[in-house]
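Just the one chain here, laid out as structure tokens, in the form predicted alone.
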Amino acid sequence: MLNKKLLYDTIEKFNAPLGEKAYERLERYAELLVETNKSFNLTAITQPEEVTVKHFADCLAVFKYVDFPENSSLIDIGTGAGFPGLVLLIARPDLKVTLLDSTKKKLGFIESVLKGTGLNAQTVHARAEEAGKMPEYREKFDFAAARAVANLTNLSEYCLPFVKVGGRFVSMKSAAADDEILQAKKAVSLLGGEICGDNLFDLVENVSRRILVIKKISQTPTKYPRASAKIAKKPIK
């Protein structure tokens, strides 16, 4: 299913910790992804080379730009089919990963991958703006991550409340996000964050990506996150 040589060639420059066991787990993940996708739409990307690069290598690129200390806690907001959180866990099983999504079927798929790969992670069926106010999740994580969920202004409101002071929010974006990043600076600051890394890179030839790293420097004001309708209608400016 996976193109092993393509995967290793692509991630070589990202220093991703991917041994043989991790590769076998990604192979199983890919099989379950394509199989489940026949009955439930998880992704538009199902061809082996595309899954290899645009899903797995894309997530593994995070390791070049973010240092995860051993046993760090990470929450993946709007994880969908498990990107990037489940891929990061496969590469680094020591991470304490929480996978949050509002769609129960997607979490059901993730649980089938966890079972099929022998890994452990917490799945949370909730909306981010609700979980972000719950004491058991608010400012409890070393890292929060999100991939292609919303524009950075709104995404910061969804994600930064989960990050403890001193932690990091990792936002995976397309390369063409200059205006979006500029517009988000006030929101990031208001929510207790500070952009400490803006990394542009080529995943493969003609596929440019961007990974933003936002450090949590102060607590998020208790009024955030607001209800999703309010976030969409009145973004922080």
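All figures in this text were calculated on a predicted structure; none of them were measured in a lab. Sequential numbering from 1, following the sequence displayed.
There is another form of the same protein, the form predicted in complex with a small molecule; it is not shown, and what comes next is about it.
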Contact of residue 91 with the small molecule in the predicted bound form (heavy atom, 4.5 Å): no
Using the partner position in the predicted bound form, report whether residue 99 sits within 4.5 Å of the small molecule, counting heavy atoms only. no
Just to confirm, residue 134 within 4.5 Å of the small molecule in the predicted bound form by heavy atoms? no
Does any part of residue 129 reach within 4.5 Å of the small molecule in the predicted bound form? Heavy atoms only, please. yes
Please name which of the stretches 163 to 171, 78 to 86, 135 to 143, 109 to 117 has residues with heavy atoms lying within 4.5 Å of the small molecule in the predicted bound form. 78 to 86
